[in-house]
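Next comes just one chain, in structure tokens: the form predicted alone.
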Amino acid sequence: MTDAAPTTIDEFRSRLASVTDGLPKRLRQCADYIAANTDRIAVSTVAELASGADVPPSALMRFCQILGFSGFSEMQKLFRDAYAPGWPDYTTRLRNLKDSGAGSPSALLAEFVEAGRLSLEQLAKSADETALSQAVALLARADTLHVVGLRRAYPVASYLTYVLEKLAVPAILHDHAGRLDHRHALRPSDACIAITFAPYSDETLSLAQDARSRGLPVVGITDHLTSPIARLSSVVLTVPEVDFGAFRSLSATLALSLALAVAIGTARG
């Protein structure tokens, strides 16, 4: 008997994580694509998502039923009601702040400080110390660390690489500047740090997949254990970030990255 359909995005992510490993090939393709593109569910058709997953539409419909939905429309409604409205475009975010009277500089500063404080408190409570120690052990043994993080994760990736270099830890930032691809620099004795949050970066996932296929350890920094980077990683570090006005803080992610870099530097002596 199929379980009842998830009623929240968190329930959806948990259900997706619990069924993915046991799925046959085509349905696993659906699961992987949906996990990497949850932001597209609310605005895409069955045919578009099926094409992205490289499966027939019937396979995607079957996948929806395995998750507990009667079909694609019910799954899409969950995301239209709960997910898509949560992250409007930037013009809409600014207009909403202005309309609510929360757009003054001092008010914005207070709200973002509070969002950062809450993010840091949640990180302190939820941090997986075992996973962090495992990540440091893997990365400290590597000759060169390859750091990748684009879009919202780019400031974190660039700062992490900066700190590693200051600590005399060889590191390469894969920033795709000029559309240059540095994956040829990956060596068997290296390791990869991949940072990505929903909507997940295809370029970040691609480099992590390449590193994994070459036998390199991959440490993923992401928002959920159901993130597509989790299945490519040797160790996963999750970071909670509280948003204000649909603008998401990086406070907790930067704190985790700084701790990771200093711990690696200390372990390498």
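The first residue of the shown sequence is 1; numbering continues from there. These numbers were taken from a predicted model, which means no experiment stands behind them. In this text, the rigid core denotes the largest set of C-alpha atoms whose superposition between the two forms falls within 1.5 Å.
Although it is not shown, the form predicted in complex with the DNA is what the next lines describe.
>> How about P170 - does it come within 4.5 Å of the DNA in the predicted bound form, if we only consider non-hydrogen atoms?
In response: Taking the distances in the predicted bound form, the answer for P170 is no, it never comes within 4.5 Å of the DNA.
>> Is S213 near the DNA? Define near as a heavy atom within 4.5 Å, in the predicted bound form.
In response: The answer is no: S213 has no heavy atom within 4.5 Å of the DNA.
> Might Q65 be said to contact the DNA in the predicted bound form, defining contact as any heavy atom within 4.5 Å?
Replying inline: Residue-level check for Q65: yes, a contact with the DNA.
> So, in the predicted bound form, is S73 in contact with the DNA at a 4.5 angstroms heavy atom limit?
Replying inline: Output for S73 is yes: heavy atoms within 4.5 Å of the DNA.
> Of these, 232-240, 204-212, 23-31, 217-225, which stretch puts a heavy atom within 4.5 angstroms of the DNA in the predicted bound form?
Replying inline: After filtering at 4.5 Å, what remains is 23-31.
>> Taking the rigid core as the reference frame, tell me whether A259 has a CA displacement of 2 angstroms or more between this form and the one not shown.
In response: Stays below the 2 Å threshold, so no.
>> Would D128 count as moving between this form and the one not shown, using a Cα shift of 2 angstroms or more after superposing the core as the test?
In response: No, the C-alpha moves less than 2 Å.
>> So, superposing on the core, is the move of G71 at the CA at least 2 angstroms between this form and the one not shown?
In response: For G71, whose C-alpha is compared between this form and the one not shown after core superposition, the shift is 2 Å or more.
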